[in-house]
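One chain comes next, on its own, written out as structure tokens in the form predicted alone.
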């Protein structure tokens, strides 16, 4: 591998994990930070021990591409790792990195792949062409009311055939996003009025009156398939994850790998077959688009065992650690998926195939957040005065919160405190160990009026028993 220097265009625990992965690979790193983040461990780790291999630059925003590229040039970086969030799935940023007068490597897929899979409509269209199951409904915008009503009638009929007690469909503005321009319809008689309302809304807000119609799924589990591909047409997977337990804002709170456990839960379908099917479907799509990085194929699986591809995340995800924790690579041991992502982006071959990968046990990730789960997961702000995690050989903690001094949680960002990765030889062992970990974790602090800190630890403990079950 040629001499490399990577700019870490992110913050918090993912910045630390990238930094550590680069250290193991012998790669120099540069971190960026805002003034609000100066106390974060990802910054202090560099400022405490300045060296030629690690440097830190203060910027005004993580979201300003001009600043990011300016630091990249000043520091002489050869690559940019976007982490997750921010620019990680921004094809324009990735394209600029590749095509600028001083090109740098974007640690992720090619920008064309990010663009094509970033569109849910396009992903659904390509998946359908490959006979990969997607949520029943339209894969292109509908502009004709009669055509729309005929599809709505068909979707209601399909759900009744499936034995769904309360069938419904979603009517969406195709040009919308972020939950805008979406309504649920529970009776066919109400469809036309809703369709016209959404079409008018779409015309006013987006200048495009196209409408999407799809089956509304409410009783399902959210599963993921972890894919890794190189630029040498090598494709492997690191199993499945279950990310069903989420906040009201659809932010994941507990993740489990593998996605189902028929040894512990009696599912009303053949769980092993479903897991194998979504893995094969995900690899099929990855090969079709010539995917070339770490990526996550997101699925929903209904109580009846019907899987539907939801979307593709063309980046490393927060929960990559639990997939790595249950995986074993012959000759390598337990993989580090961030290291593998970096190696692939820099042109390395994997050096192993699917036959070299095996799986062992169950791993759970707990997202520890300063939030009030009883008030709609409202974020809590204040100062942490004590943060102590128990030390177990089966537990790994990732945190940007310093443990040797008070830390004021920046209000500009989500109040994430730590990620705890727990492993057990069985799913029940992993659940029991996760409860033990929570019970022995100490987090103290105070708010603006001197009130005690509020975290989601009690919620996480309560929800652990449901992490693999349909409720």
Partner chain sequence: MIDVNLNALLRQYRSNPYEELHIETPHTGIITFNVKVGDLVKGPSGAWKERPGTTLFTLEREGNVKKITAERDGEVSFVRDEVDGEFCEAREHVVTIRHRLSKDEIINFILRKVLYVFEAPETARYYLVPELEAVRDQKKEITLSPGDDFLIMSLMKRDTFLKYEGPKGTVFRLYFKPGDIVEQGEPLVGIASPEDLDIVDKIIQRIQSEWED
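We call the rigid core whatever largest set of C-alpha positions still superposes within 1.5 Å between the two forms. Predicted, not measured: the structure shown is a model, and the values here were computed from it. Residue numbers count along the first chain shown, from 1.
Quick note: we don't show the form predicted in complex with the partner chain, though the next part is all about it.
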| property | result |
| --- | --- |
| In the predicted complex, residue 28 touching the partner chain (heavy atom, 4.5 Å) | no |
| Close approach of residue 380 to the partner chain in the predicted complex, 4.5 Å, heavy atom | yes |
| 4.5 Å heavy atom contact, residue 71 to the partner chain in the predicted complex | yes |
| Contact flag, residue 67 vs the partner chain in the predicted complex, heavy atom cut 4.5 Å | yes |
| Proximity to the partner chain in the predicted complex, single hit among 251, 354, 218, 162 (heavy atom within 4.5 Å) | 251 |
| Residue among 192, 330, 204, 388 with a heavy atom within 4.5 Å of the partner chain in the predicted complex | 204 |
| Which of 295 to 303, 380 to 388, 330 to 338, 256 to 264 lines the interface with the partner chain in the predicted complex (heavy atom within 4.5 Å) | 380 to 388 |
| Sequence-ordered residues of 393 to 419 touching the partner chain in the predicted complex, heavy atom within 4.5 Å | 409, 410, 411, 412, 413, 414, 415 |
| Rigid core superposition, residue 55 Cα moves 2 angstroms or more between the shown form and the other one | no |
| Direction of Cα pair change residue 334-residue 54 in the predicted complex, magnitude 3 angstroms or more | farther |
| Residue pair residue 89, residue 206 - Cα distance in the predicted complex, closer or farther (3 Å or more) | closer |
